[in-house]
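The data below hold one chain only, encoded as structure tokens and taken in the form predicted alone.
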């Protein structure tokens, strides 16, 4: 599970551990947070594995380490992502290019590389589940971070492609698309002057909790959800509706 040291990733790790699964918690920089999370999970043994997802060599080593520690891989949850503001109106050309390179390297290419490596282990068992965590911004757009929205939209297309390619190997692939969620990434906006406006976007009058998203991920990774392969599930409290 990538990007699992906090927020949605940590909530997903807790859901899987509570269901009796062993979990590999990936971290980029927050090793201490990942190890603390691993130590708090029921069951196990669980493991923390680190890698910069922009480093293809490190990604392969990380996935192989997780598979060795867990005795194989049944489920991959691609949750890691970075968000770098780079409005096309206000950034310099250098800032613009750097934001695109950094964001795509982690949010899209890094995810693709993790998936390729994990699928090698799933093919050995002729079974598996892959759940990719996208964003409402893939549909609505992110004017302050267009690279983030583009990467998250591409992730949905990536999931659809893999669902077709991996179905014959009994590997199901689906996508969860959260809206605003109570994570460290969103805390500043939710606590600021726009907080009430953001919560009012949903007729439920709130934003998602990490547990809301984790519940959807757990279902899509379950044996019962095989025929939902290719599905995209919105978890945004009807704050954004699409056909």
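Numbering follows the first chain given and starts at 1. None of the values given here were measured: they were computed from a predicted structure.
Just so it is clear, the following notes concern the form predicted in complex with nicotinamide-adenine-dinucleotide (NAD), a form of the same protein that is not shown.
Contact with nicotinamide-adenine-dinucleotide (NAD) in the model of the complex, judged as any non-hydrogen atom within 4.5 angstroms, is confined among 26 to 34, 214 to 222, 65 to 73, 39 to 47 to 26 to 34. Within this chain, residue 52 lines the site of nicotinamide-adenine-dinucleotide (NAD) in the model of the complex, having a heavy atom no more than 4.5 Å away. A residue is said to contact a partner when one of its heavy atoms sits within 4.5 Å of a partner heavy atom; residue 237 fails this definition for nicotinamide-adenine-dinucleotide (NAD) in the model of the complex, lying far away. Shown alone here, residue 184 lies within 4.5 Å of nicotinamide-adenine-dinucleotide (NAD) in the model of the complex, counting heavy atoms only. Within 4.5 Å of any heavy atom of nicotinamide-adenine-dinucleotide (NAD) in the model of the complex lies no heavy atom of residue 158. Residue in contact with nicotinamide-adenine-dinucleotide (NAD) in the model of the complex (any heavy atom within 4.5 Å), chosen from 162, 119, 106, 99: 106. In the model of the complex, the residues of 57 to 95 lying within 4.5 Å of nicotinamide-adenine-dinucleotide (NAD) by at least one heavy atom are, in order, 79, 80, 81, 82.
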